[in-house]
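Single chain ahead, written as C-alpha cells, the form predicted on its own.
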C-alpha cells in the first residue's frame, strides 16, 4: 500500500468515512477500512486524527451539520497548516450574510440544513451525543438568533425558538429517513412540501404575538 500521503486531507478522510458509513453503517467504519479505501496505511489517517475514531466521529458530526457548502473540514485543515488552533472540524472564518426578511433567511437555512442531513443520513446517530461547537456553528446560531430577534422575540425566547427550529429540522429528517421506504411513502417533491409546511407553521407559531 502506498506510503505517499500527498493530497490526503481531513476533508478527504471525512468524505470517504461518510461513504463507508453510507454503505456499511457506523459499525462498519474502522480506521483500517478507511485507510484501505483511501489507499493509505491506517497510520496516515491517525496523522490527521491522532485521538482515533472518537475524534473522527466528532469531525464527521461537525462536517455534516456545517452550514458551509463544502463542510467544516477545510477550515480546520487550513488552520493546522498555518499552525493555528481551531475547534474540531470548524472553519476558521465563516461570514454570515443576512439578505432578505427574517423568515426567508430561516427558511433558506432550514432547507439547506435538511438537504445536508439527508445527504449524510447514515451519520445521523452521531448527532445524538455530539453537538459540535465550531465557528461555523457559532455563525449559524448568530444567523438564527438574529432572525428571531428581528421577528420580535427577545431574551430567553430567542434561544427557545432556536432550539425549537433545530429540533424540528432534525426530527423531520429522522422521520423522513425512517419512512421513506414505506409502500405509501410520498415522493421527494411531496416530502419537501411537507417539510416546508411544517417549517412555515412552526415559524408562525413561534413568532405569534400571543406565543
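Numbering follows the first chain given and starts at 1. It should be emphasised that the depicted structure is a prediction, and the values quoted were computed from it without experimental measurement.
Another form exists, predicted in complex with another copy of the chain; not displayed. Remarks below refer to it.
- 42, 37, 151, 164 - the one with a heavy atom within 4.5 Å of another copy of the chain in the predicted complex: If I apply the 4.5 Å criterion carefully, the residue I get is 164.
- Task: Indicate whether the candidate residues 31, 57 and 116 are all in contact with another copy of the chain in the predicted complex, with contact defined as any heavy atom within 4.5 Å.
- Result: Negative, none of the three is within 4.5 Å.
- Query: Taking heavy atoms only, is residue 105 within 4.5 angstroms of another copy of the chain in the predicted complex?
  - Reply: No - in the predicted complex, heavy atoms of residue 105 and another copy of the chain never come within 4.5 Å of each other.
- Could you confirm whether residue 139 comes within 4.5 Å of another copy of the chain in the predicted complex, counting heavy atoms only? Flag for residue 139 set to no.
- Query: So in the predicted complex, does residue 187 come within 4.5 Å of another copy of the chain, heavy atom to heavy atom?
  - Reply: Residue 187 lies outside the contact set for another copy of the chain.
- Message: So, residue 171 and another copy of the chain: in the predicted complex, are they within 4.5 Å at any heavy atom pair?
- Response: Residue-level check for residue 171: yes, a contact with another copy of the chain.
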